[in-house]
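Just one chain follows, in the form predicted on its own, and it is written as structure tokens.
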């Protein structure tokens, strides 16, 4: 990676932390550092499970516990066991906490307006557009892709979402019993591999490869959650699957897809997959693709 890119990121980080007041103990002029203020915002009006808040903010449990103890001493939050599962801890804002969160929201709006006011209208639009692009790329950088057990909760959730979307988008629905199989044992090494993408500890995508000793490998179960589409995750998953296939000695990778999945078809073509004659009897397929790795 070029050193100039690293230096540019570090310079940006210094400017942002200075401009938003992250270096001060009294964020937005209130008696909280940025960490406490952000935690109040994440807890929200209805409360949340502590583990979910920790996952969203990518903070370790010890640090979150310290923040919560401080907010408890200030009378802003209450920590209690979940009614559904006593082992799960939830946190909710007190009346004072709700009032403080509302005050922080008003001050955050005022700060944003103060940041924009010195700029011309054209500069304001440019800054807002640049911020949106930076946020989009930062979200993309949060995604992590790793090999997963197909029977794990996150993997099963992704595969269920994949099935539900295909059933909704295909003209006649989708019945996995009629389709070429991709069962857990077929997606477990050495028979195959399943990758699951996570963002803030939540599963947001998956993809798999089935290996064959005397035939090209098959790409299966490519899916990306709607809320993270447009971040380039599909391309990253595809590249990761191709890398795993190469590592396993695969020289040709094949896939079939339905005409309704226009985004997937465009992705495969951009990635160098060539449309070929049908090589299997998949009843839901309209296009067959192949790529030499």
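Model, not experiment: these values are computed from the prediction. Positions refer to the first chain, counted from 1. C-alpha atoms forming the largest set that superposes within 1.5 Å between two forms make up the rigid core.
Absent from the display: the form predicted in complex with the DNA. The rest refers to it.
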Query raised in the report: Exactly one stretch in 85 to 93, 207 to 215, 146 to 154, 125 to 133 has heavy atoms within 4.5 Å of the DNA in the predicted complex; which is it?
Result: 85 to 93
Query raised in the report: residue 65 near the DNA in the predicted complex, any heavy atom under 4.5 Å?
Result: yes
Requested in this report: Indicate whether residue 33 is a 4.5 Å heavy atom neighbour of the DNA in the predicted complex.
Outcome: yes
Query - residue 259 within 4.5 Å of the DNA in the predicted complex, heavy atoms - result: no
Requested in this report: Although the DNA is absent from this view, report whether residue 102 comes within 4.5 Å of it in the predicted complex, heavy atoms only.
Outcome: no
Report task. Could you check which residue among 265, 59, 240, 253 gets a heavy atom within 4.5 Å of the DNA in the predicted complex? Result -> 59
Query raised in the report: Between the options 244, 225, 233, 50, which residue brings a heavy atom to within 4.5 Å of the DNA in the predicted complex?
Result: 50
Query raised in the report: Against the rigid core, is the Cα displacement of residue 229 between this form and the one not shown at least 2 Å?
Result: no
Query - Displaced residue check between this form and the one not shown: residue 255, CA, 2 Å or over, core reference - result: no
